[in-house]
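Shown next as structure tokens: one chain only, the form predicted on its own.
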């Protein structure tokens, strides 16, 4: 069983760190699924607090890693599946936020315990030579007999999906609306309009976004709506550490809302907010 990956582009290293930092704010632990061409991080609801939603990130190896090698324990296996403390991994990668990082290696190895070694080559202002900053993050190797509990989630179907250009505005809005109502209703229509509604015994507050890009339409649906837990919505938006401003919101009527942030073409952060009974 072997895994080794190398990052060299400063922007890609910061994006990778921001993805892990987002997961760190949602749960203490996460699952890493290392494939031959893709890496996934998954935060299941049972690994997080009751207020956190299901979140996962898919990263195509060729996007971030000029060198990427994975060998499973057996030839017939397609993955290596690891359990890891997202907090520990986040701390190890925090060195990538600063300047002067030439490269960062991720390496699965066994010292006294299985671990992902984060090895950053850093230039300091006091020296012309790079120094290595090494963090060994303990991991649990999940046997293939348990893989069925750690399958990468599927993106749910959406009757209607809209693109929202201002993630920051929606994040601020939901942070305020969660104090008004325990649930939020998202309504979307073919006119490119998204309404976010919070209802209490005293009032109903509707926030309207107009002239949005329509990304998906299923059949002849002209509108779709779904109510979700306001705490879960707020937890997702409050955890985001990515600089991206664009967000896609897909509504599966009465079932769920799918949130998607395309960091790059093949680097995507997802979340599913399940519907709540009204």
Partner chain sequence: MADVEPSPYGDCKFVARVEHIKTLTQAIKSICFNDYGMLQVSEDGLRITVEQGKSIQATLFMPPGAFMEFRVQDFQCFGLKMNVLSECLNLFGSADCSLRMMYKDKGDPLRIILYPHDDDDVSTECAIKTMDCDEPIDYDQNLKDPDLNVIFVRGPNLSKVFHELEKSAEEFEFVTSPNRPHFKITTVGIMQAVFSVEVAKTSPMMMMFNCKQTVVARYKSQQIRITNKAMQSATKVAIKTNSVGLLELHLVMQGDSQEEIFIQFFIIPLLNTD
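Residue numbers count along the first chain shown, from 1. Note that the structure is predicted; figures quoted are calculated from it, not measured.
Missing here is the form predicted in complex with the partner chain; even so, the following discussion is about that form.
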- Task: Please run the contact check for residue 211 against the partner chain in the model of the complex: heavy atoms, 4.5 angstroms, yes or no?
- Result: yes
- Query: For residue 130, is any heavy atom within 4.5 Å of the partner chain in the model of the complex, or not?
  - Reply: no
- Can you check whether residue 120 is within 4.5 Å of the partner chain in the model of the complex, heavy atom basis? no
- Query: Is residue 207 close enough to the partner chain in the model of the complex to count, meaning some heavy atom within 4.5 Å?
  - Reply: yes
- Look at the stretches 80 to 88, 94 to 102, 136 to 144, 167 to 175 and give the one with heavy atoms within 4.5 Å of the partner chain in the model of the complex. 167 to 175
- Partner-free chain; cross-checking the partner chain in the model of the complex, the single residue of 152, 180, 155, 73 with a heavy atom within 4.5 Å is 180
- the partner chain isn't shown here, but in the model of the complex which of 148, 203, 112, 125 has a heavy atom within 4.5 Å of it? 203
